[in-house]
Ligand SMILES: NC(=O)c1ccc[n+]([C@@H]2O[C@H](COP(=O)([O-])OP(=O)(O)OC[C@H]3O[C@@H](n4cnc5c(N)ncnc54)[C@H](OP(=O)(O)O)[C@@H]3O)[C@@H](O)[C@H]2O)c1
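First, one chain by itself: the form predicted alone, in structure tokens.
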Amino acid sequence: MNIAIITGASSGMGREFAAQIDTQLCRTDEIWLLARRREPMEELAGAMRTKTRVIPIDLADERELKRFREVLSIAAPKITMLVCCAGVGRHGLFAGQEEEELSAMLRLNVTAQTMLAGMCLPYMRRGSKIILFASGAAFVPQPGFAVYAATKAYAYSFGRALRRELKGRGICVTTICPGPVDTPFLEQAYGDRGDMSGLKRLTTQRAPRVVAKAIDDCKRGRAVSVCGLPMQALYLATQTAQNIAQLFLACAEALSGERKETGK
């Protein structure tokens, strides 16, 4: 049985991924929707043409993650695609945020995504695909969004490294790095959106466009999917800065080696 797994499928980006994947994957027998809330997923499943399995799960709960491992073991599916959209964020100064709120962000954005990828890999074959959800916030530190941006920097780094590790197995990993997307996440993170900067308001993208580009980039085997000119410009700028830094380091190491040889 070939399946696609989508987390965070009750709303926002996860729901949009489910809707678009439903019409595009021809070799998928079943789509598994994972999120905490059952009702929105059942409503979505009722409108999908592909056979759909709804799995209510709190991915931030380690015990529920272990139970999902057992579900995989019993079903022993062939996973054609894993899309990790589940995530949480909260805007505000680090010193003013509650410990449990910060802990939940780390568990869901970092631990759950990492553990889920590890659980699914044994059931993936050549040609399988993984889409990990990072953010444009991964490219630069963000005061006022410190922990969230740090978790997305982790997801970006993890996705790029995992891609290299799985290249020999023929499994493609694409990391999505959008800017603000018009989903319920913005209300969750900013409340009434009053704390959003003018720039973020202007660069906010629509979910269908971001998801369509991500799926297309994944099909093309691209490492990173960045939607919209502002985010693409930021991505290129940070990549250029990293390349220059690496060049300087390489030159410094070469000069250091020459000095040691001269000293001999």
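Residue numbers here begin at 1 and follow the sequence given. Given the structure is predicted, the values throughout are model-derived calculations rather than measurements.
This protein has a second form, the form predicted in complex with this ligand, left out of what is shown; the following refers to that one.
With this ligand omitted here, the record of contacts in the predicted complex names 84-92 of 121-129, 159-167, 84-92, 68-76, defined by a heavy atom within 4.5 Å. This ligand is not drawn, but in the predicted complex it has a heavy atom within 4.5 Å of S135. Proximity of E42 to this ligand in the predicted complex falls outside the 4.5 Å heavy atom cutoff. Taking the partner from elsewhere, E62 is found to have every heavy atom lying beyond 4.5 Å of this ligand in the predicted complex. When contacts are judged by a 4.5 Å heavy atom cut-off, A35 counts as touching this ligand in the predicted complex. Interface residue among A153, A117, C172, L108 relative to this ligand in the predicted complex, by the heavy atom within 4.5 Å criterion: L108.
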